[in-house]
Ligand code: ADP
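This document opens with one chain alone, in structure tokens, the form predicted alone.
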Amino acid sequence: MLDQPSALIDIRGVCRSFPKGSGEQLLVLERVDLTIRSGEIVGLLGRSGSGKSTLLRIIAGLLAPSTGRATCRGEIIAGPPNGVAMVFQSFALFPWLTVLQNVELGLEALGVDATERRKRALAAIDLIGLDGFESAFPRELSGGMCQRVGFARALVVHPDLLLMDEPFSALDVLTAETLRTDLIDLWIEGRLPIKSVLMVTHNIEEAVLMCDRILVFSSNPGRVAAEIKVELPHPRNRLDPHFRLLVDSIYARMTQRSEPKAPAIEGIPSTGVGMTLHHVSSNVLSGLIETLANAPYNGHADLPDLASQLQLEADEILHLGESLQLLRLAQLSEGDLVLTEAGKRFAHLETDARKRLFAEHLVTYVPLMGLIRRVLDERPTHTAPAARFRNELEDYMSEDYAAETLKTIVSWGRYSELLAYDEQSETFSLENPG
């Protein structure tokens, strides 16, 4: 273990903003501190949009911080630093090159001679479990094999620090689990030619399974909300009570509500028009309420268990839970999802009665829907362009999140028959103007 002055990476007070369509700046990272030393796997865990990948790209020298200081071995990061390699979520292989040629690329860029390149590339391919596929092209490989090529290409340069940006998220569950296990085994055995790993993930179990330290990020803007040491010995067992307890505690931490940036609407605590709505189908919400209402949950479910049963990632189950909480149909608390009385009623209503209850809660508890309905009610034509609301949302969030929020409102509004939406003209109107 290196001492503090010899840290591989040192991040101090880093902020990063991006311009919005309005010309203002959207703050994505705020005052982030992080130190990475030799001999550890560190996880950046957080929701989608919490700035984890942005921080990784700052460390990789692909982005500069807006303010703050990012150093590698004491030197300011200005462009990709030596001794740092990255594995991406997408495989990013050159389809016209063979496995061997893809792996050799990094060494070629470093000026390593052909003989040494071939020797090291073959060793990396063998290490990562692709021996025999040196002459194959990416189109001939499965997704898991392509990602192994990505790992071999990163490892062949013998980096001090390996950056991983959700490297398993594009893979099916079994392939991802196999690759995780193989990498951890190689790390424990000391066979990986690297000193440290920094990985971005939104998969809580993945972070607990692999990491020595986990930095939990909050969102809007991204901040380090907590640092958790994982002192469980490798190999780790997902069924170990201590493993489950740690996963539960992280779920609980990630379901704690933070103060929103958008102003609250009178009578509706902790919400505002500028609140991001993640696109969740009303049919999926209805199905989740029915699942919660029935055995074995009977209205009260442990989130990790629910996510496992429904085969959902933490991000997905949290989006669903937060949507139900926003609509006051369920409550997120300490890593549990509990149906409210309204949620229990919803589960046993017929379709039309469900729509009426959903509409009532949607107008009452989702400020943006309340605003759209008021505008439509007040206008003689009972119509309004989507741009009217999109522009207001972009005062609080990125263009992408504004688009997703409007998409959600359209979907929920149609289901509840509160409004209609014309895709061609991008215009809202009342479903039944009266």
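Note that this is a predicted model, so its numbers are computed, not measured. Residue numbers here begin at 1 and follow the sequence given.
This protein has a second form, the form predicted in complex with the ligand, left out of what is shown; the following refers to that one.
Residues of just one listed stretch (46-54, 66-74, 367-375, 382-390) have heavy atoms within 4.5 Å of the ligand in the predicted complex: 46-54.
Looking at Ala402, you'd find every heavy atom of it more than 4.5 angstroms from the ligand in the predicted complex. Put simply, Leu406 is far from the ligand in the predicted complex: not one heavy atom of it is within 4.5 Å. With a 4.5 Å cutoff on heavy atoms, Leu34 does not count as touching the ligand in the predicted complex; it lies far away. Proximity of Val28 to the ligand in the predicted complex falls within the 4.5 Å heavy atom cutoff.
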